[in-house]
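This document starts with one chain, in the form predicted on its own, laid out as structure tokens.
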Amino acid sequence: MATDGQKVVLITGCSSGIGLRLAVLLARDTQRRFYVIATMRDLRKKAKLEEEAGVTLHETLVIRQLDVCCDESVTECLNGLQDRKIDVLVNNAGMGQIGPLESLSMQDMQKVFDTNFFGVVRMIKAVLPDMKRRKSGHIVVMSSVMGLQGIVFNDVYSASKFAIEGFCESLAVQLLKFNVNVSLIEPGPVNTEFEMKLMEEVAKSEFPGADADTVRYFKDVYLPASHEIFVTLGQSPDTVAKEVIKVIAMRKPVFRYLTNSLYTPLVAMKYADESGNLSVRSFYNLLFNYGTIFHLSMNLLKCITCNCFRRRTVTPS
């Protein structure tokens, strides 16, 4: 049970990745500012979180079952909390979908939206009445740079993130009147077990329904380029979790927060040309016409982000 002065933080999707690391880091806060309710759809996957939580388990961190796609599950979890009080809601649960559009079933695409969009909406609807009544609260949503810039062969995932960006942008204006803040966290690629497993699975798929040229472009162009981007720009779940904590700790939380500054120019390019041609054609050319320039750019970024380079360029104080 939370003590006076502690912020109650409920996090969805804590069985692995960013959610797990965020729950652990908040629970370990030396000033004991947070009481963490780490939730997951399947409690059979809680062993890793329990291990990493260590002595904080049942002290500043508790684990609860919660399926963001189920009204009853959300209600049951919140009813189990003292006064249903949540100071910070972190919507982290999500799922991905990669592949040619023709090969994806409508059912699979709807599952992505059920989790990434409607799951977030369901959680926000559940906590808003209390936050509005108390005129205090912070809603944090794990979005993505793919909610700002569409990425080839990630059509449905990007669409779900674009949807949640628009929803939150509208909601944020309304909730300021109640002193409730909304923050969108926008990571680039994150090196998680989930992402790696997804990439391995799609590489083996035959993608029935898609034409041979599209499948070839996907496997021979997109997948290698995606792997190179992950290797070069990918952040660890721990790094992203620490960035989320910075936002949670802000006295006046920002609305949007890119966790990887290397993506800023890519996002800015989209808004530099109102026709949209600059970003669309630039990404097209890099993928399909100027592969050499793409690889050189990745190698340059590797040098810039290399720890050895950073150490050489830092001037001793």
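Position 1 is the first residue in the sequence shown; the rest follow in order. Note that the structure is predicted; figures quoted are calculated from it, not measured.
Although not depicted, the form predicted together with a small molecule is the subject of the following passage.
- Checking R32, H58, K45, R281 for any heavy atom within 4.5 Å of the small molecule in the predicted bound form turns up a single hit: K45.
- Using a 4.5 angstroms heavy atom cutoff to the small molecule in the predicted bound form, none of M131, L184 and P253 count as contacting.
- The shortest heavy atom separation between K161 and the small molecule in the predicted bound form is within 4.5 Å.
- The shortest heavy atom separation between K246 and the small molecule in the predicted bound form exceeds 4.5 Å.
- Remark: L26 does not count among the residues lining the small molecule in the predicted bound form, judged by a heavy atom distance of 4.5 Å or less.
- Proximity of G137 to the small molecule in the predicted bound form: non-hydrogen atoms within 4.5 Å are absent; the residue sits far from the partner.
- This chain is displayed without the small molecule, yet in the predicted bound form the stretch 67-75 from 81-89, 67-75, 175-183, 101-109 comes within 4.5 Å of it by heavy atoms.
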